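What follows is one chain in structure tokens, specifically the form predicted alone.
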């Protein structure tokens, strides 16, 4: 665990120093909401349309973080150094997933208020606790897949393309589950309870893919 915490501290310090990932992700999200605001020819959205816009925008913003997750390590030799170190490589996966999870949380602190300001019809104050819970479950699933796929894609020539191409099919359940869970929270007539089955699906996805990723990360790096 100390290895994971050390790598996580390094990741967060590097991001604070360089600001390579989070500003770009946040700017992409806000820009996309502005585009939707003018392209839809309507001032406000609600329900399934609002949930779809929010989830898809956050998904593609998160892809920017996926592409940058291992790049600094690969370019500066840190990736090879970690592979040669006598430590359990699974901690590298854990640290990268936690780092990306932190990036996503910061991104949503910026993106969700911007979305509410530019597009959302109903207010989100009443539904905020449920919305935070749904997004956190989605973020965990995204971070797990991104930390696994990013390690595979970083050594390919077209890593900026390979990573999203592998990750997007794996993230389809997260996208569907998150959009369906957010839909009742963004209704114009007032927030309704989140269907429990979608929360269960997101929770099971995080558990199953988290265990699978931990099991296969080390063997995949060996190959």
Partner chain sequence: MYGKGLRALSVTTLITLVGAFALVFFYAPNDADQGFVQKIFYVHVPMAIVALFGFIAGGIFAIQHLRTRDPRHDLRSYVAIHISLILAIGVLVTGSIWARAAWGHWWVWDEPTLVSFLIVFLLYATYQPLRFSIEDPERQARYASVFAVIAGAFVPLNFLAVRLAQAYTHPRVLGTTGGSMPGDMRLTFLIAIVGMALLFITLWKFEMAAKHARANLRSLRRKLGVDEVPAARRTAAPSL
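Positions refer to the first chain, counted from 1. These numbers come from a predicted model, not from an experiment.
The protein also exists as the form predicted together with its partner chain; that form is not presented, and the subsequent description refers to it.
Contact check for residue 165: a non-hydrogen atom falls within 4.5 Å of its partner chain in the model of the complex.
Contact check for residue 195: no non-hydrogen atom falls within 4.5 Å of its partner chain in the model of the complex.
Contact annotation: residue 201 falls within 4.5 Å of its partner chain in the model of the complex, judged by heavy atom distances. The closest heavy atom approach of residue 34 to its partner chain in the model of the complex falls outside 4.5 Å. The partner is not drawn, yet in the model of the complex one stretch among 34-42, 150-158, 65-73, 49-57 has residues with heavy atoms inside 4.5 Å of its partner chain: 150-158.
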